[in-house]
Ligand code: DC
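Just one chain follows, in the form predicted alone, and it is written as structure tokens.
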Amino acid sequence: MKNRNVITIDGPSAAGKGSLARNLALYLDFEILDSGSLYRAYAYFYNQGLSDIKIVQAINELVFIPTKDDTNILYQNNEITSDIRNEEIAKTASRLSALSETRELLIDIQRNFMEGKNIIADGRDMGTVVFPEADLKIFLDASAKVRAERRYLELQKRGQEVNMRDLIADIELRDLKDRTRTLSPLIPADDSITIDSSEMSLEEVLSFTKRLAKKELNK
């Protein structure tokens, strides 16, 4: 018997998945699964030299607190949001996520996340691999240039310096790797709804997605 509702939001880096997921979760009063942060946390703990068992234990202790502007991540009552959001950790996470052993380690954690509670799950393969039975699947996309501009502003707000040209090149390279990898490539699920947000504001994307969610969850 189905014990919860699941909405997945997949798409490339900096497409706005996190913002949409946070705001939709607050609107619907759902829990949030930020799979990208899980993989970054894995990279963070991996760089600290922890064993896989210790990493799993650490990830299971993470607490996600969504707000309108961000998702704060706590580990043992300490906020580690900034620690796992820098570009070095992002590159390590991208490399490790292409390994089958990493994905196998994290897939059960994601599937069992907040078991019994309604969730919004955002990532790269939430609708295709982790929650193929999801009630609503969104694939959120935007041009590389637009996504680089968004990431630039995001990093600036966090006090991190980054070169725009390098950022565009990095996003395009990450796209290529994500879309062409053999294991869980970045592709829309067959039954997903694709939204190109290149020329849409967050409010417009959120309003459209709210209508989709209401329709799907009221069936």
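Position 1 is the first residue in the sequence shown; the rest follow in order. Owing to the predicted nature of the structure, the values given are computational and were not obtained by experimental measurement.
The next section is about a form of this same protein that is not shown, the form predicted together with this ligand.
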> Of these, Ile119, Leu136, Ala148, Ala93, which has a heavy atom no more than 4.5 Å from this ligand in the model of the complex?
Replying inline: Ala93
>> Can you tell me if Ser35 lies within 4.5 angstroms of this ligand in the model of the complex, counting non-hydrogen atoms only?
In response: yes
> in the model of the complex, does Ser13 have a heavy atom within 4.5 Å of this ligand?
Replying inline: yes
> Do Asp178 and this ligand share at least one heavy atom pair within 4.5 Å in the model of the complex?
Replying inline: yes
> Contact between Tyr39 and this ligand in the model of the complex at 4.5 Å, heavy atoms?
Replying inline: yes
> Just one stretch in 111 to 119, 69 to 77, 97 to 105, 137 to 145 has heavy atoms within 4.5 Å of this ligand in the model of the complex, so which one is it?
Replying inline: 97 to 105
> Are there residues in 16 to 34 with a heavy atom within 4.5 Å of this ligand in the model of the complex, and which are they, in order?
Replying inline: Lys17
